[in-house]
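The form predicted alone is given below as one chain in structure tokens.
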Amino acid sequence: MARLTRALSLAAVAALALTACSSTASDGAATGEGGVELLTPGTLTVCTNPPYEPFEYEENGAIVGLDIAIVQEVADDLGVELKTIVTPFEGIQSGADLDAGNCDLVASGITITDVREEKMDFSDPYFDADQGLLVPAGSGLNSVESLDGKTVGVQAATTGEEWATEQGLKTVQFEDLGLQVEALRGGTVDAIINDIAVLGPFVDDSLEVGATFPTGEQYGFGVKTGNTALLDAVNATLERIKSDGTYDDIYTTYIGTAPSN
């Protein structure tokens, strides 16, 4: 749900991630594998906000998706179990969940921004994304100009909401993507704006993607400010899965095509 371009780390940090022992994770956190401090011994606890398919969504009673598959790799590298906690996106993107000790890591299609970097430490970026417009099929809504006088649904606390506001659009705020789409299908709003990658699953005979708005955003995983041991571990996993082909497999599984680079 937003991101600024950041260069991927090329350094081999796996060894550092396994030996690092300094961290300013929440008071009372238990030291886990490799000196990484975890809130619960033997468990990597992750806050996420489904439905946000294909990044996090419920399937057969479990939370799955591209984000979840990647953080599972982090947990595997640490030798611990993965636990997901569903929380509102506002607490995730603001760093409040991390500061309150609700989770070790936040993973929810979070765009890296300067404002958010003041509230948490981000991993290297792992996904490029732009904003998209979902509209009723045949509506002719295919540009910012075509939305003049229309009501646009946005997800609260996202870069999509920020972008729509900057364009001067008339917006209505919803807590999550599912409620946005429900409002569009019900005619409460004329269109919705969110990250283009999450709109595809809703395209059918009645809904279509009217436009893509390039914004140069990138997603990152967040940890509590100063938790360098966990951050290094996350970045080490990202480097590994990109070098050994695991990332390509995860990307293809959930996006439907291989990554472009």
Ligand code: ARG
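Computed from a predicted model, the values in this text were never measured in an experiment. Residue indices: 1-based, along the sequence shown.
Not pictured, yet referred to below: the form predicted in complex with arginine.
Engineer: Does residue 202 reach arginine in the predicted bound form if we count a contact as any heavy atom within 4.5 Å?
Structural biologist: Output for residue 202 is no: heavy atoms all beyond 4.5 Å of arginine.
Engineer: I'd like to know if residue 219 sits close to arginine in the predicted bound form, meaning any non-hydrogen atom pair within 4.5 angstroms.
Structural biologist: Residue 219 belongs to the contact set for arginine.
Engineer: Report whether the minimum heavy atom distance between residue 232 and arginine in the predicted bound form is within 4.5 Å.
Structural biologist: No - in the predicted bound form, heavy atoms of residue 232 and arginine never come within 4.5 Å of each other.
Engineer: Answer yes if any heavy atom of residue 89 is within 4.5 Å of a heavy atom of arginine in the predicted bound form; otherwise answer no.
Structural biologist: Yes, residue 89 is a contact residue.
Engineer: Out of 152, 135, 75, 157, which one falls within 4.5 Å of arginine in the predicted bound form, going by heavy atoms?
Structural biologist: Selected residue: 157.
Engineer: Which of 58 to 66, 224 to 232, 45 to 53, 204 to 212 has heavy atoms within 4.5 Å of arginine in the predicted bound form?
Structural biologist: So the stretch in question is 45 to 53.
Engineer: So which residues in 181 to 197, when you check arginine in the predicted bound form, have a heavy atom no farther than 4.5 Å from it?
Structural biologist: In sequence order, 194, 195 come within 4.5 Å of the partner.
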